[in-house]
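We begin with a single chain expressed as structure tokens, specifically the form predicted on its own.
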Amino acid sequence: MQANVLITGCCGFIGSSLTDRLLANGYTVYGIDCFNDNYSKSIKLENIKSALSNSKFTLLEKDLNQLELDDISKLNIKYVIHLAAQPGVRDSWGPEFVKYVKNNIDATQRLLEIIIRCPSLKRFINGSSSSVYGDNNSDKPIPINFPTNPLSPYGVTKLTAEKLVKAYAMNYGFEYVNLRFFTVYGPRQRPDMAFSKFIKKAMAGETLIIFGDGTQKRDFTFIEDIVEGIVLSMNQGSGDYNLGRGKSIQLREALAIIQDYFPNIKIQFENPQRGDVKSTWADISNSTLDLGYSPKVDIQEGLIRQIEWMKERISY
């Protein structure tokens, strides 16, 4: 019999994809989501449509900041996979920062305070971000011990959440893993993320607006590879790990794939945005060694799969 898993942010891009995978693997999944207003609740409900019909899935519509022990004390949770967060680098400046503190720091601390009182807890897996590193000016892959120097308030909150998880694990004796995700894309990608916006505009024949000159480099990682990395980390590894493709390409290369699919689209380049880094590139050697992580999907296959998925859901 598989163990019980608690997934926060279960209705989001990564959370819903992971929920489906764990249900298929026979786990009992309890999902928490507060349906915050970063994008439509209807999209999030569509993400978990299949899960809602599975008897091994239970949805708890709850803000983590209001979580109580009674909400989960009887669920016999063995694994917590914490994916709930306020996403986005560009929106984290100015007055919106209070949302990032509430949903990335306060919510993580509240969840930890509750879960440490559940004796069944074995492991806490925290979804973090490559944004904790800041910029990589060396044009080499970033090892896990690379200095953390976030360039955005969002990155600061994700790094703080990592440190909270480690502090609680060290003091209360549960296993933990911080997984730093690198530019995740694929089916169910949030509508505010770059590829979703580019593809939707391309389908509508609108001009693609690119912040920067397109030479910025990213380690684009397909959703299935991220989910596989999370699943592997449930029973292996300890500490911090990068989950990326392990390859870095210019944004222009990804745009060329979209242009091949939509030959008539136009692209307009504008000034870079505050907090956007020039390059990300994951060194995944310790993830491969400790977790057995081996990403499979390249950018050509992955982007085409996202395009085809979005074409079936243009009403979004």
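In this text, all values refer to a predicted model and were calculated from it rather than measured experimentally. When you see a residue number, it is the position in the sequence shown, counting from 1.
Another form, the form predicted in complex with nicotinamide-adenine-dinucleotide (NAD), is not on view; read the next lines as being about it.
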TODO: Could you tell me which of 167-175, 186-194, 201-209, 134-142 sits within 4.5 Å of nicotinamide-adenine-dinucleotide (NAD) in the predicted complex, going by non-hydrogen atoms?
DONE: 186-194
Open item on the list: Can you confirm whether 14, 127 and 181, the three residues that make up this candidate site, all sit within 4.5 Å of nicotinamide-adenine-dinucleotide (NAD) in the predicted complex, judged by heavy atoms?
Closed with: yes
Task: 254, 34, 48, 291 - the one with a heavy atom within 4.5 Å of nicotinamide-adenine-dinucleotide (NAD) in the predicted complex - done: 34
Task: residue 107, heavy atom within 4.5 angstroms of nicotinamide-adenine-dinucleotide (NAD) in the predicted complex - done: yes
Open item on the list: Under a 4.5 Å heavy atom criterion, is residue 54 part of the interface with nicotinamide-adenine-dinucleotide (NAD) in the predicted complex?
Closed with: no
Open item on the list: Given that nicotinamide-adenine-dinucleotide (NAD) is not shown alongside this chain, does residue 63 nevertheless sit within 4.5 Å of it in the predicted complex, heavy atom to heavy atom?
Closed with: yes
Task: is_contact(residue 154, nicotinamide-adenine-dinucleotide (NAD)) in the predicted complex, heavy atom dist at most 4.5 Å - done: yes
- [ ] Enumerate the residues of 73-108 that have a non-hydrogen atom within 4.5 Å of nicotinamide-adenine-dinucleotide (NAD) in the predicted complex, in sequence order, or give none.
- [x] 83, 84, 85, 87, 103, 107
